[in-house]
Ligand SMILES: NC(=O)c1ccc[n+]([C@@H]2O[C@H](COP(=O)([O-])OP(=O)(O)OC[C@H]3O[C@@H](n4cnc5c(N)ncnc54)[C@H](OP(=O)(O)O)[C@@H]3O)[C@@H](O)[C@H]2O)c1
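Shown below, as structure tokens, is a lone chain in the form predicted on its own; questions about how it binds or moves come after it.
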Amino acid sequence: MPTVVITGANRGLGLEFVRQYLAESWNVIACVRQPSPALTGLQEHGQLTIHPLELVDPEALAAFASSLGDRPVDVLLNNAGTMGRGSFATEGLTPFQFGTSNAGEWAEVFHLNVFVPMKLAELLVDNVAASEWRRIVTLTSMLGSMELNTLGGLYAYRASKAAVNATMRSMAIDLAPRGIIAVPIHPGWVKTGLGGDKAPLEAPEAVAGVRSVIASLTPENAGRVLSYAGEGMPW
């Protein structure tokens, strides 16, 4: 059966990805800082391996990649992400407005949202290339689109998602000769700890959509920003 590596698998979209891939009999490698009871409870339902992993620790990333050896990875799914301090779900734009930025927060947001997907792709590229599916996917956001930005605010998060879109575009070009399709996918505005209760989408619907897009990717899609419905999105 195919294998998927999922970061940020403890809750929200990441946990739902684990559930749905296990239900399809995939081998799931879930990377989390500290496994939650919800995640560990899924071990009895399929081929689930949990890796406690501090994603922002370069040595930990290298050790994780080394632990996989030459095992094929069909889908590398970079799900983990952060908006920084504050909570959009409960406080809206208030914590993320002009005049509130600081360098430390920007560095943390960019490290997890941009550098970690890049580094994991570099470390696992041979594993992905050895697989049947050969997919590298990073969850992005419509908030990274300059054309769709009509509200302002969310500076660090918006900038990080625009940056990861550019990163995935270059990755798609560079890895195409190895048969790897690299794309950023927007999962929609989802009811999670990040998206809040006002979001119109439930996690199962969003994840099912993203999984469908991943399954139907072609080389022509590589590097495009796609929605969970499979539609191209403006940058």
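A residue's number is simply how far along the shown sequence it sits, counting from 1. Remember, predicted model here, so these are calculated numbers, not experimental data.
The form predicted together with the named molecule is left out here; the points below concern that form.
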Notebook entry, point to check: Taking the shortest heavy atom distance, is residue 79 within 4.5 Å of the named molecule in the predicted complex?
Noted result: yes
Check: Would residue 46 count as a contact of the named molecule in the predicted complex, using a 4.5 angstroms cut-off between non-hydrogen atoms?
Finding: no
Check: Do residue 209 and the named molecule share at least one heavy atom pair within 4.5 Å in the predicted complex?
Finding: no
Check: Heavy atoms within 4.5 Å of the named molecule in the predicted complex: does residue 55 have any?
Finding: yes
Notebook entry, point to check: Counting only heavy atoms and a 4.5 Å cutoff, which of 132 to 140, 67 to 75, 145 to 153, 119 to 127 contacts the named molecule in the predicted complex?
Noted result: 132 to 140
Checklist line | Heavy atom within 4.5 Å of the named molecule in the predicted complex - residue from 221, 20, 227, 10 | finding: 10
Check: 42, 190, 50, 175: which sits within 4.5 Å of the named molecule in the predicted complex by any heavy atom?
Finding: 190
